[in-house]
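The chain that follows stands alone, in the form predicted alone, written as structure tokens.
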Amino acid sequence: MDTKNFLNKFYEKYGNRNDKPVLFFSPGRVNLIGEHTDYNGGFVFPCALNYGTYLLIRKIKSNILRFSTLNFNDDEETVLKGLFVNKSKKWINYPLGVINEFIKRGTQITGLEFLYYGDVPNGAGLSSSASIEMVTAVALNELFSAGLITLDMVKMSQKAENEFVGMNCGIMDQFAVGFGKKDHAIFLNCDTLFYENIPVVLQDCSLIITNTNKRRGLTNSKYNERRAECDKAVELLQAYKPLKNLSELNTDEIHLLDKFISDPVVSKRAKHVISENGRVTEAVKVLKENNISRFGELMNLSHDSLRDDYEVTGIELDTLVYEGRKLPGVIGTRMTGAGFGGCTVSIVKNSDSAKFMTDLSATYLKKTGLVPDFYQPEIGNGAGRLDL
């Protein structure tokens, strides 16, 4: 990040070079395994990335909020006069939702100038939305001395996305963005929020993220439909035993699903969630044992379940995964994020990584007409202030 250039862009936008803004950063995240389990109270295994959202922010003596981004040409300005309402299809819904949560807590927000820049691809499934929310929350917490701990801001950011933006996401994204630790992934129980930082040591391999470059808007996708199907499964399984969420069942109980759930689609959704929780717990165990080969096999099984039982993949993701598995040096590969487009995450031997990207790009273009983007990320820290 060229902070000097970023600062100059801020001054070009807002003027007054004698009043220096403050710089904050919040990462994106990639989930190594454990998909669509978070809102079912299950286990996930994400890590923060060295890609994310940068924010320059400055207080001003007015009741105006000014928003701008270097990612596209869409400046916004609004007046502080109580709680905000959703601005249909506007990117500023993410920071506005967070600002609302601070106002509800009694924080006295004054006029502000915001300039955002993100190097997480928007709509790629790497949590650009949670990154924007958390960088806004961390900045407001510091500038207005709100005294919030990280978990407070994680919960507020999730609430902003659920209730203000209208995306019924679980807590994983904001949690990973807030609590990320360099070179570690987070083994998180999304029901209790108990977590453990697990070192990620991939030996002679690296992570490669591949972007399908198929955009999908989650609020218009079948994400919320999947949530409803899981809720229906919980309702039907009450005849078996009292349940708050699907993750209270273990893999030994999968065979009971068809007995209590007559709808085969709802049964498949439940099967994915329960089996995925089992894969996450095993994945953490084998990673601690440095068994990267088995970790990769579990990644592969995860994708197969997301394709067959949860049905959230599609031709683009499946092409990247199943063509990728044919290439040398690929330990494991799967979709990551909500699906319906977005990205895959792969573990690939360093000696084969260049060929993996070249060959997969050619095959993917031939089969889909799209050109993928590749990222070789480092695992970074969570949201916080940076020095200018």
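What you see is a predicted model, and the numbers here were worked out from it, not measured in a lab. Counting begins at 1, following the sequence as shown.
The form predicted together with a small molecule is left out here; the points below concern that form.
> Of the residues Met172, Ala270, Leu317, Ala185, which one places a heavy atom within 4.5 Å of the small molecule in the model of the complex?
That would be Met172.
> Work out which of Gly341, Pro46, Gly337, Gly324 lies within 4.5 Å of the small molecule in the model of the complex, going by heavy atoms.
Checking each option against the small molecule in the model of the complex, the one that comes within 4.5 Å is Gly337.
> Can any non-hydrogen atom of Tyr39 be found within 4.5 angstroms of the small molecule in the model of the complex?
Within the cut-off, so yes.
> Using heavy atoms and a 4.5 Å limit, would one call Tyr223 a contact residue for the small molecule in the model of the complex?
Yes, Tyr223 is a contact residue.
> Just one stretch in 137 to 145, 256 to 264, 162 to 170, 100 to 108 has heavy atoms within 4.5 Å of the small molecule in the model of the complex, so which one is it?
Heavy-atom contact with the partner occurs in 162 to 170.
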